[in-house]
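Shown below, as structure tokens, is a lone chain in the form predicted alone; questions about how it binds or moves come after it.
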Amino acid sequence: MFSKFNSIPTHMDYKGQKLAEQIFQGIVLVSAVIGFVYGLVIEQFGWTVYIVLAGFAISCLLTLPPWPMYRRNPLTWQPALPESPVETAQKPETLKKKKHK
């Protein structure tokens, strides 16, 4: 029958997904370059790792939650058609007539 999740609005936005992916990759790339250069200058690999992890955490905070900027172009879905009683009555009959060999 109907799931309890049917009443929950679902938002899909391919342009928003693309934007989130670009932001995520950009922040990780910039933090990796900054971390590499800073770690090279002070000769401490640990700081490189810390800076990259900080960039990863910031990018996760900006891209993982469903912020409104990622839901500007939602997809329009076709409404679900109700099932007619005739179709539901015919389904068990068709299953009984089929013989599996």
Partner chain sequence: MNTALSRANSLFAFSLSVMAALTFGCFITTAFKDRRVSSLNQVVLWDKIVLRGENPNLILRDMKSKYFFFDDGNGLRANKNITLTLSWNVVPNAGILPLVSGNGYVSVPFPDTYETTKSY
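Numbering follows the first chain given and starts at 1. Note that this is a predicted model, so its numbers are computed, not measured.
Just so you know, the form predicted in complex with the partner chain exists too; it's not on screen, but the next bit is about it.
The candidate spot formed by Pro68, Leu81 and Ser84 lies out of contact with the partner chain in the predicted complex, as no residue has a heavy atom within 4.5 Å of it.
In the predicted complex, the partner chain stays beyond 4.5 Å of every heavy atom belonging to Leu75. Although the partner is absent from this view, Phe45 contacts the partner chain in the predicted complex, with a non-hydrogen atom inside 4.5 angstroms. Contacts between stretch 29-64 and the partner chain, counted in the predicted complex as any heavy atom lying within 4.5 Å, involve Leu29, Ala32, Phe36, Leu40, Glu43, Phe45, Thr48, Val49, Val52, Leu53, Phe56, Ser59, Cys60, Thr63, Leu64, listed in sequence order.
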